[in-house]
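Okay, so here's just one chain, in structure tokens, the form predicted on its own.
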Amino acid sequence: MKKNVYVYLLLLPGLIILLLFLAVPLFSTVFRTFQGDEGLTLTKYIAFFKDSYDRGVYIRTLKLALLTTLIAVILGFPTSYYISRVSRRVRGLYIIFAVFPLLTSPVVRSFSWMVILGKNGIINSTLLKLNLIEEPLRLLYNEFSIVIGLVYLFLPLMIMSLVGVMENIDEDLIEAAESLGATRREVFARVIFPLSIPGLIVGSVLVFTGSITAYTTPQLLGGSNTTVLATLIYQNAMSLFDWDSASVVATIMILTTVFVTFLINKLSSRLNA
């Protein structure tokens, strides 16, 4: 009994800090968005979704986050499986390469992609020299460049989440399935994929959450014509000093993240059924 009391006492300082600096400010921010002249109301949210510009920003942000998550799954799954099957020494080297983008600032990474995707960037210059195009392609300051930047930014999270699960898949299970006549496709569908779902869930949630809340990458690579929710919050709060509207956008972002996370968990439970 005393040991349990000591454990709770050790948790108490962290819980107090989380309560004072996270839970209370978050609750006050969300609560004020439901306040109106006549008490609790949804007027601010109705006004947000009635506005065509705000509604377009929301749909764009959700689309970019979902597309980034999908691409991260497609690229991260085979990469993670390959890393998990190599020797431990080589695996550590590959993991370092995968994590390396996380060690640099998002600003530096975004400017790097601006050099690559710009009008006079590496891609356009190469295509022009090869006479494959007559004029530079518009690869920057649009949704395409944002997705490229977000995938590069959050793909390591997907890889690390999947590698941590896949490296624990017993090789004997795969050999047993193959010895019983299962093809590689059947081994993947019935053994590897079901056992990798926990890592897939964690990776998808991390990538989606990071993508829907990202500010630096969409701001630098998307420009002023491709506004997302994070940049809309900044505009309302810091440029227009409209903190109520900024709080509404922040709450919508939080609720969307929670809802999509719930859907991902529901989908994973059906796949495991």
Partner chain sequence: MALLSLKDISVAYGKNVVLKNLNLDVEKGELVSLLGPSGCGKTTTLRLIGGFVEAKNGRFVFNGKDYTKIPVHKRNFGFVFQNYALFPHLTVFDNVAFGLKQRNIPKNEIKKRVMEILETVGLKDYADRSPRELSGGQKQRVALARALVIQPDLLLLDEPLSNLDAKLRVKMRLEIRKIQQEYNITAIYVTHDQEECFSISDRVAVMNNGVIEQLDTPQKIYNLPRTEFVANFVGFENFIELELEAKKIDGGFYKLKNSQRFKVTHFNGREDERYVKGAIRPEEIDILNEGGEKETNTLKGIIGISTFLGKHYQYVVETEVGRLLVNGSAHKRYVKGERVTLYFPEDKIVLV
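Please read these numbers as outputs of a predicted model, since none were measured by experiment. Residue numbers count along the first chain shown, from 1.
Beyond the structure shown, there is the form predicted together with its partner chain, which is absent from this document and is the topic of what follows.
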Please identify the residue among Leu139, Val165, Ile71, Ala182 with any heavy atom within 4.5 Å of its partner chain in the predicted complex. Ala182
Given that its partner chain is left out here, which of Leu75, Ala176, Val90, Val99 has a heavy atom within 4.5 Å of it in the predicted complex? Ala176
Look up in the predicted complex whether Glu134 has a non-hydrogen atom within 4.5 angstroms of its partner chain, and give yes or no. no
Would you check, heavy atoms only and a 4.5 Å threshold, whether Lys119 touches its partner chain in the predicted complex? no
May I ask you to state whether Ile95 is within 4.5 Å of its partner chain in the predicted complex, using heavy atom distances? no
Please check if Leu195 has a heavy atom lying within 4.5 Å of any heavy atom of its partner chain in the predicted complex. yes
Heavy atoms, 4.5 Å, its partner chain in the predicted complex: which of 144-152, 108-116, 121-129, 187-195 makes the cut? Say which one. 187-195
